[in-house]
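As structure tokens, one chain now follows by itself in the form predicted alone.
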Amino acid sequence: MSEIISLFSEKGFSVEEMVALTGAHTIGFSHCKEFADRIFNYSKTSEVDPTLNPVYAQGLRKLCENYTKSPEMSAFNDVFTPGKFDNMYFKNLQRGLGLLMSDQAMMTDNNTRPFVDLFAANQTAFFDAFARSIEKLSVYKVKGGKYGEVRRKCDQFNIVQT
């Protein structure tokens, strides 16, 4: 977590802003390969990451059992309200339902946990912090002219037709 905090800090973001931005994980999904190391052969002493809720971990293992044969297999980041932008993601972290290791680690870090707890308890506080943080992010090192473009799809470069 200290590494992630440092990366955000180098870009001028506070711990609160980092936690708030991570709340975007309340919508969307992650491919099984991104978290498989948490649910299969985690360590010599535990098959599953012990910070995961055991029932949740077993469900993920079942869902992802063939992920190496089917790389498109995925799970929602927020198992309860995957299509709704809300603070359930933070409540999930408190219950051991954080899909990604970096997300769940926010519960064990003394710098991030107070913000996880605040956002879990107070959706308005999360919305306010997220709005400020995403606005700050939206203008961070914006490239213009021939050095940048507004993408039509955020995960793909625009295709230039000639």
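The term rigid core refers to the maximal set of C-alpha atoms that superpose within 1.5 Å between the two forms. Each residue number is its position in the shown sequence, starting from 1. This one's a predicted model, so the numbers in the text were calculated from it and none came from an experiment.
There is another form of the same protein, the form predicted in complex with a small molecule; it is not shown, and what comes next is about it.
Colleague: State yes or no: in the predicted complex, is some non-hydrogen atom of residue 100 no more than 4.5 angstroms from a non-hydrogen atom of the small molecule?
Modeller: Within the cut-off, so yes.
Colleague: Would residue 70 count as a contact of the small molecule in the predicted complex, using a 4.5 angstroms cut-off between non-hydrogen atoms?
Modeller: Residue 70: no contact with the small molecule in the predicted complex.
Colleague: Does the small molecule come within 4.5 Å of any heavy atom of residue 29 in the predicted complex?
Modeller: Output for residue 29 is yes: heavy atoms within 4.5 Å of the small molecule.
Colleague: So, in the predicted complex, is residue 34 in contact with the small molecule at a 4.5 angstroms heavy atom limit?
Modeller: Residue 34: contacts the small molecule in the predicted complex.
Colleague: Report the stretch among 60-68, 100-108, 121-129, 46-54 that approaches the small molecule in the predicted complex to within 4.5 Å, counting heavy atoms only.
Modeller: Going by heavy atoms within 4.5 Å, the stretch is 100-108.
Colleague: Once the core is aligned, please say if the CA of residue 154 is shifted by at least 2 angstroms between this form and the one not shown.
Modeller: Residue 154: C-alpha displaced by 2 Å or more between this form and the one not shown.
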